[in-house]
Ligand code: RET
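Next up: a single chain in structure tokens, the form predicted alone.
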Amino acid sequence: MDLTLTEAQFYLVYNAFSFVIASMGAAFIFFLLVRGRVAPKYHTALTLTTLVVAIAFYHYVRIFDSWNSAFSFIGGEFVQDGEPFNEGYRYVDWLLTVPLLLAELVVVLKLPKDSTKSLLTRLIIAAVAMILLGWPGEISPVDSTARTVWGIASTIPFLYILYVLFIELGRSLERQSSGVRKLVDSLRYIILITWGIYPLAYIAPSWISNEATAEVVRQVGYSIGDVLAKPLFGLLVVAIAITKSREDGFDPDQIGLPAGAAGESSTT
């Protein structure tokens, strides 16, 4: 028996996982439906956005099931006496979705090919390094030096990602419209703020002496971060794609009209 939670603590995490599942599922459906509202050349970015929430949806279903399987209700409390809670699902999810999140931001901007390739390569490598370096610390004892060392090591690629997004990507935005630049700024600050939730949740067990409370804060914190970093991030990517499509003269309402009908409809 590793952990004992009150009903309120258990169901707070339970409901947080349930909320994330609903958010990812709703976002998946929305991103599919809105695909026709953007020009075809931005479909790749929307495909990446849709994949992110689909992958997260699947893994949160597994996380939800693992949480339920790990606990039994005994004497008015939830006792962890079943299968071990599998934290690995979360890191596998991040290993897949974090590079895709960064890729969708770069792809939707339609920068020159050389810039796109360079940014994608460096951001994806840094994202993978960040996740892989964080995992050993996550499974290390709470008060161990190893947890601190791996946490610091994971922070280094995170800071590099911020440098690329705020400094190098910023130099590539000069040719973008003011509306697109504002949306990209919002995306970058979402990354800065929401990704800042993850290290706070990571170090919660070191700050909070009560083991049960620390676990609840960690799981809920990660869940909040995932909702903000995936569906919300995806919505802004969609907004960028729609804005750029309009700037390119794309009108989704004219799709499928016979030749000449577009001009006629615009004058009626």
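Start at 1 and count along the sequence shown; that's the residue number. Quick caveat, the model's predicted, so the values are computed rather than measured.
Below, we refer to the form predicted in complex with the ligand, which is not included among the displayed structures.
Among residues of the shown chain, Ser172 is not one whose heavy atoms approach the ligand to within 4.5 Å in the predicted bound form. Contact annotation: Lys230 falls within 4.5 Å of the ligand in the predicted bound form, judged by heavy atom distances.
Within 4.5 Å of any heavy atom of the ligand in the predicted bound form lies no heavy atom of Tyr160.
Looking at Gly221, you'd find every heavy atom of it more than 4.5 angstroms from the ligand in the predicted bound form. Note that among 128-136, 77-85, 181-189, 104-112, the stretch whose heavy atoms approach the ligand to within 4.5 Å in the predicted bound form is 128-136.
For the three residues Gly25, Phe28 and Phe64, a heavy atom within 4.5 Å of the ligand turns up in the predicted bound form in no case. Residues of 151-170 that come within 4.5 Å of the ligand in the predicted bound form, judged by any heavy atom, are Gly151, Ser154, Thr155, Phe158 in sequence order.
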